[in-house]
Each structure stands twice: as C-alpha cells, then as structure tokens.
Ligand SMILES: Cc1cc2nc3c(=O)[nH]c(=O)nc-3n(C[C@H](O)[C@H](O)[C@H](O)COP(=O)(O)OP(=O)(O)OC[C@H]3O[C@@H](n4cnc5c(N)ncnc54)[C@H](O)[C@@H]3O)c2cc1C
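Here's a solo chain for you in structure tokens, the form predicted on its own.
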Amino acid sequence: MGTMAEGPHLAVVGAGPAGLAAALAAAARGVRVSLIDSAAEAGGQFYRQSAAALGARRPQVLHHQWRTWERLRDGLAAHVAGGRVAHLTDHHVWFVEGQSDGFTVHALLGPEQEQPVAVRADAVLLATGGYEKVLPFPGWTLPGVVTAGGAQAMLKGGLVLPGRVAVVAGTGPLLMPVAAGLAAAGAEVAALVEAADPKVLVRHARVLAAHPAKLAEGARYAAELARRRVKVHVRHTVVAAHGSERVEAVTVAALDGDGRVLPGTERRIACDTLAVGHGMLPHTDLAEALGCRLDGTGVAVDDEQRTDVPGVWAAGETTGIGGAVLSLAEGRIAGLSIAARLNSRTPDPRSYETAAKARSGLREFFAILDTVYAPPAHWTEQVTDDTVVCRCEEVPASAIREAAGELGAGDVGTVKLLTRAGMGWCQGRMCGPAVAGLARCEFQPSRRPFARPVPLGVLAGTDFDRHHTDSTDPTEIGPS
C-alpha cells in the first residue's frame, strides 16, 4: 500500500454498506479517505465475512445481495491499491475530537484495544450502524439464549451454528432471514415466534407496492420456511426460557389485540438455542459526543446527510434503522456531498438524484415496518421481579420497580443512580430500553463522553486538542 494522494482528507467511521458507499464515492472524486472499522474485514454486520482460514467454499450462500458486495469489495480494493483509501481494520473508535482546523479520530488498535491511534481529518462521516434491542423475560440470561443478530453473526462470521434445535423469537423483519439462514445451514428451527401480525401490513399496500423487491425478498424467506416446515406463530411471544446449565425449552403464548398474553395459550417448545430480538437502535455515541442533534433515536441529518455540526456527516443506520439498501443510498449521497464541500463546491443534487429517490421511498417503507413490528405493548407484565434486567451489574426488575415506584425515579438516569442499572461494561446499551419500560419513562440515548470503555493509561496519555497524527501516508498512522 503506497502513499495516499494529496487533497482533502475524510475519516469514515464504519465499513458497513453506508461507510463503504461513502468512501468509494468520495475517493472517486479526489478525496483521500481513511476508512476506520473495528472488524478485521469490511462489510459490517450485513456483509459480515468469515476469516479466510475457515475456508468457506461458497460464502455467497450466507448472504443477500452478494453481487452488490462484490462491487463494494472490489471498488475498495482498487482505491486502496491506488492510494486513495487507507483501510484501517481492528481500529475501535472511542472518541472524535472536533477542532478549529478539523477533527481527530481516536481509536484503540487490535483485539486487546490497548494501543492508541489518532487519525487527523478535515471531515468525518459517522456510519456506525445500529445494535439490537432485546427485552428481558424470565430465563433470558441462560446460556444458549442469543440475540437474533448474534446467531446470524455466528453463522456468517464463524460458520458455526449456535445450536442444533433453535427457536427464533421476538419481532421485526430480521427474524425471517435468521430463521431461514439457520435452517439452511442445518439447524432444526422448531418455531419462529413473531409478536406482530404481518397481516396489518395490508393496510399500507400503496407504500409496500412501491417496493416490489422488498416484497419478493419477504416472500422468498416465507417460502423457504414453509419448504422446511418451520412452524410460524404470529401474535405470539416468549414468556420464559427454561433450563439448568443452558436453555432446554421455551414457553410461548398468544397475544390479544392489546399485546397482553392470553391465559391458557401457553405451550412449551424444546430447544437448545433461542435467538431473540425486538428490533434495532442506532449507534449514536460518537455523534452525541460531538454535539450532533438527534431526531428520535437517530442522528438528525439534512438532504445531504449533514449533521448540524459543521464538517460531520452521518449515514446508514446511525440515522435510523432501514436496512442495507437505504444505507447504501445514504452513504453515496454523503460521499458525493463531502467531496463537493471539501473541494469548495455546492453539491449538484442531480448527481445523487437516484439515491435520493431511493432514500425517500425506503424511509417511508421502514417507518411503516417500525410501526407494525413494535414490541408487545404490555411486555413488562411478563417480567418477574427476580428477572435480571441489567446483566452487567446484576440488577433485578424488582430494584428498578422500587426505584420508579417507592423512590420516585422518573427517568433512566435517576434509576441508574439508585440501582446501578446501566453502569456496567455496556453502559446501558443492552438494558436501557428495558429499564425505561419497567420504570415507565421515555427511553432516550444517554450522552456519554466516550463511545466505549478506555484504559485509564490511554486516557491519561492522550493530549486532547493538540495531539493528532496526519494520515497523508497510511504508514504514518500510529500510536499516540
């Protein structure tokens, strides 16, 4: 890898669909790009790749939109070879520092995340994706209970099944591809348990009809599940997981129209794996630390994917959950906007007209899915007092209910102070929505100074606002 070309410098945080699309668009227009990602390979969760040492003979069977991935992969390789992009793998970004003359992206290098690295840039694109929302229930901490995305990551990245007999449960469009993928890889999928009623989608036929590819995709997954005789239970939920050393069975039950469990409908399903998820939330830590405004749970952006902080763009699921195709469209728009702005030009909307049209339609499409695939309204009624909600700090539901009821806590922050819920390693990312639900208060992402835990020695040795490493040559990017 040779010296990078001269010109304005963009730091892209995240090498999923949005980050890749933006990096390629900007690099093709004379911007030198540092593509910074925590994974060993580009692709993000959607295009997660297995290690070459595993020798996957047909990796394409584990992926959707493989040809799109090949174009992104080959485009990245060409730009790296041409010195227009530096692809920094295993770099875990913990802070982005805004300065009068640009930005410094602070990262920790390698699996141990102890070696500090700083990357200097004129502009930053945040393409940090999203993370799964999982709501607690009795038994959810048993070994063998994984997130739906976690099961998919094990299959794509490790070429392993989480178990032999699986139940896939929760709500959201992710459940079908996870169930189909596990079944195709050799697992017995005992049931797919969906809390929502997909028939409600018929009310939105006009919007859905504008996206025939999405409808066809869903139909293919449904046909695959039917072919493999996977039982699908709609308007059902997992009441509890059972087992001693690991999960051995789950109890599921039907839901009434208000989202409450219907007494007498409980049934027990034997399994050794439960893959569960209740939708996704945007990663906004870096954006919030920079002072970017949020719109709901995602980063607020304009038509060019610009945040309200000058020099900072955001694209993909950090702005709102919407899948790979929407992320690609937003990433391309952001890359074109950044290239124009860094070269002191006003972007020509015609250059991203197709991407903007796709973005508009897909945002409307996924807004409908968010409404239809919402968690059951009364899910908290199934959470027993002894159910652990915050796994990091081992805080049970009873402590959260006491804080909100007897002690008068009216927000997640106060509950945290009273119970330590959210003070652990994940900093409330996993338990935050559950704590808010049990405390009957609004869930809002909490603003943190850093996006991930940082060794004290690294923090003490970082000279903020003065120390940074220019990345004219990728080999110059080194420890701070």
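Start at 1 and count along the sequence shown; that's the residue number. On a predicted model such as this, the values are computed, not experimentally measured, just so you know.
Omitted from view is the form predicted together with the named molecule, to which the following refers.
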{"property": "Candidate site G14, H91 and M280: all three near the named molecule in the model of the complex by heavy atom within 4.5 Å", "result": "yes"}
{"property": "Distance check, A18 to the named molecule in the model of the complex, heavy atom within 4.5 Å", "result": "yes"}
{"property": "Residue contact check: G139 to the named molecule in the model of the complex, 4.5 Å heavy atom", "result": "no"}
{"property": "4.5 Å heavy atom contact, R452 and the named molecule in the model of the complex", "result": "yes"}
{"property": "4.5 Å heavy atom contact, A314 to the named molecule in the model of the complex", "result": "no"}
{"property": "Segment assignment from 256-264, 341-349, 305-313, 126-134: heavy atom within 4.5 Å of the named molecule in the model of the complex", "result": "126-134"}
{"property": "Contact assignment for the named molecule in the model of the complex, among S38, T414, Q427, T68, heavy atom within 4.5 Å", "result": "S38"}
{"property": "Members of 139-154 lying within 4.5 angstroms of the named molecule, judged by heavy atom, in the model of the complex", "result": "G149, G150, Q152"}
